[in-house]
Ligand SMILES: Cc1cc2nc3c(=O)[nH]c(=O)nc-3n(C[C@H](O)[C@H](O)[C@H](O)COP(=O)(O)OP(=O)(O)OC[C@H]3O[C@@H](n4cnc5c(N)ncnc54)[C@H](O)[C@@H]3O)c2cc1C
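The chain below stands alone and is given in structure tokens; this is the form predicted on its own.
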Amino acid sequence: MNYVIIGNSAAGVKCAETIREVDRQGNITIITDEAYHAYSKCLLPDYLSGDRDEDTIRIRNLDFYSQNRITTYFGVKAQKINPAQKIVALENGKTIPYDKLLIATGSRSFIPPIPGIEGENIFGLRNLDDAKKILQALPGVRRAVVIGGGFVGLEAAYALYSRGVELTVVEKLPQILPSQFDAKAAKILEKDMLCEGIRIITGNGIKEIINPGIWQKMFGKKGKGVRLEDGETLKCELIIVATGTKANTELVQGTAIKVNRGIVVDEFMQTDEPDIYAAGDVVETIDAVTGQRKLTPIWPNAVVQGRIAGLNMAGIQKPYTALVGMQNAVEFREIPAIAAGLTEAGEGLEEIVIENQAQNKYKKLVMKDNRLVGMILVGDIRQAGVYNTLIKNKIDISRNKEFLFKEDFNFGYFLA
């Protein structure tokens, strides 16, 4: 059996590992356009800050591929797949035959159509090459602007700030972390970053990027920067674009595989084409809370999807159990925070909140029909695991609702 995996991150590596567990004889091939051993993209901000190097962001030992008898094509792009002939065509002209194929091509930074965004020293932060380019540009950089106040933007800002760069984060929406936290939680985290010295501008987008030639004409001196929608101009030598991601679905164009915002898969992670599976940031799956199909570009979900795909590719039929689509944890300076599921009250939803502004603590639980469907924890995240399990397993909390915020709340309450 020839297993071919396109992608060498969370889903791809887990898939290969799983196949080898259950099929000791099959041939496994991993193809990736990146030139590196598998690494954690979650740790790129740490690499950017200098807290980690290439060795310490690696997710498997150096002998992982040889120990598992995995053939690798690193730094080579898979250009096309031919489901009828069951081959993958590489950019170097080579073709790789497969019996079972996994597409785990991930996602890339979404670059918004802002005038001037093609200029120099403007980068996304989605892979190791991005981080290396940013570091190469750092000498001579005094000020940087991060476009986007989501997780990637804030983590990039904090990493560069720790290297002595003056940072401004510009978020078009009224709050930072708009996709994960509500306004109160975001305000606590924003205050924490402001205390560190990072400037944050919300409710104001980027109108244009002013590259050096235009800056010289405008101000009569060298420089570059951005102009905000309200007309304010910020001088900077480096710009990080962190305005979301886009799934890398181009490889399946021209096939029968259905694509919405990501590749559509069934409960066995299989696409519309026989023997072709997909997992990770590139796929749409069913969210455990909303029941809706959506992209879930977070590392833990990609790992689970990779394992399920691997089992099914190896002939062990196992369905994917829907996971909570949004589950993110942060700790930029001193305040840890985590959010999962639905975080804003709506029709049919009930929420309970406790907060202690002096201690920067805020907890919010969102419920529907006596089931927990969402949470925000700021300042104290010790019970995140318990709440997340209640959300994922849709456990009836009606008998224990009054105890949810007790400091010793745990699964023991459900056994009483």
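Please read these numbers as outputs of a predicted model, since none were measured by experiment. Note that residue numbering follows the sequence shown and begins at 1.
Heads up, the form predicted in complex with the named molecule isn't pictured, but that's what we're talking about next.
A.B. asks: Is there a non-hydrogen atom of Arg126 within 4.5 angstroms of a non-hydrogen atom of the named molecule in the predicted complex?
C.D. replies: Judged by the heavy-atom cut-off of 4.5 Å, Arg126 is in contact with the named molecule in the predicted complex.
A.B. asks: Consider Phe151 of the chain shown here, and say whether it contacts the named molecule in the predicted complex, taking contact as heavy atoms within 4.5 Å.
C.D. replies: Phe151 belongs to the contact set for the named molecule.
A.B. asks: Can you tell me if Trp299 lies within 4.5 angstroms of the named molecule in the predicted complex, counting non-hydrogen atoms only?
C.D. replies: Yes, Trp299 lies within 4.5 Å of the named molecule in the predicted complex.
A.B. asks: Does Ala11 make contact with the named molecule in the predicted complex, using a 4.5 Å heavy atom cut-off?
C.D. replies: Residue-level check for Ala11: yes, a contact with the named molecule.
A.B. asks: Just to confirm the contact call: exactly one of 167-175, 113-121, 246-254, 140-148 touches the named molecule in the predicted complex at a 4.5 Å heavy atom cutoff, so which is it?
C.D. replies: Contact criterion met by 246-254 only.
A.B. asks: Only one of Leu377, Ile31, Ile391, Met367 has a non-hydrogen atom within 4.5 angstroms of the named molecule in the predicted complex; which is it?
C.D. replies: When the named molecule is considered in the predicted complex, the option within 4.5 Å is Ile31.
A.B. asks: Pick from Gln180, Ser107, Ser162, Thr290: which has a non-hydrogen atom within 4.5 Å of the named molecule in the predicted complex?
C.D. replies: Exactly one listed residue reaches within 4.5 Å, namely Ser107.
A.B. asks: For the three residues Lys41, Pro45 and Ala279, verify that every one has a non-hydrogen atom within 4.5 Å of the named molecule in the predicted complex; reply yes or no.
C.D. replies: Spot residues vs the named molecule: full contact, yes.
A.B. asks: Heavy atom within 4.5 Å of the named molecule in the predicted complex: which residues of 67-103 qualify?
C.D. replies: Sequence-ordered list: Val76, Lys77, Ala78.
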